[in-house]
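Next up: just one chain, as structure tokens, the form predicted on its own.
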């Protein structure tokens, strides 16, 4: 028999970790988006050597589980940075988490942005340049406003998945929503596990539902802007 009182009390305790979890996810979204744009441009422009490295990167991160990415970053990043005199200890869990999520989702976002970019007619690129726009102005003023509405639905879904994937960061000791739930279970000697997991699930449900609403709102706004162009 489920104890509703335990679920309610746990909801209150886990809710205090929501801002922290959202912050980790938000920073990861910003970094992964910037990195995805760079990766997409390298592939689109077919930069020598760099394109092959990007293809290898995309293949690895899109074909392996997020848990592997987190563990590799957590244990591998300190080893990579140590020769450069940068020492990271286990207290930098925020950095490890953001790095792992950013690297993982940049690969997914890149494969969303690239097809959206390529779907824009080449004639528009040529027309923008003939009109005297620089390469940057062409991308920012002409191409990007058309790419965003095309890529936004898939990007929004990817962002929701990123938020849900924060739930596996507890494996490196991050005290986000799921990490806090695991601590409550441990401190309670494993009692009321089901109730605690239900409480954690409800919080993620609320967060992702709000995220889906926000994504839907942005889609509508982009469609309205597109109609008025």
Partner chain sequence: MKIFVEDLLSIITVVPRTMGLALLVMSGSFLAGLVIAAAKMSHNKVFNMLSRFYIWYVRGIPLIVHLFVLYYLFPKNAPVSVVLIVTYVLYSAPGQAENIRTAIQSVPKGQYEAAYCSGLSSFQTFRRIIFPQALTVLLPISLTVYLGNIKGISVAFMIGVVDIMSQAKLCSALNFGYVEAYLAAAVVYWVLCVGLTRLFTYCEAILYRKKGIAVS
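Values in this document were obtained by computation on a predicted structure and should not be read as measured data. Residue numbers count along the first chain shown, from 1.
Below: the form predicted together with its partner chain, not depicted.
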- line: If we test each of 154, 81, 72, 148 for a heavy atom within 4.5 Å of its partner chain in the predicted bound form, the one that passes is 72
message: Please identify the residue among 34, 41, 67, 27 with any heavy atom within 4.5 Å of its partner chain in the predicted bound form.
response: 67
query: Might residue 178 be said to contact its partner chain in the predicted bound form, defining contact as any heavy atom within 4.5 Å?
result: yes
task: Check whether residue 167 has any heavy atom within 4.5 Å of a heavy atom of its partner chain in the predicted bound form, and answer yes or no.
output: yes
message: Quick check on residue 201: any heavy atom within 4.5 Å of its partner chain in the predicted bound form?
response: yes
task: Please check if residue 59 has a heavy atom lying within 4.5 Å of any heavy atom of its partner chain in the predicted bound form.
output: yes
- request: Kindly confirm or deny that 6, 8 and 18 each have some heavy atom within 4.5 angstroms of its partner chain in the predicted bound form.
  value: no
- prompt: Within 170 to 201, which residues have a heavy atom closer than or equal to 4.5 Å from its partner chain in the predicted bound form?
  reply: 170, 171, 178, 182, 193, 194, 197, 198, 201
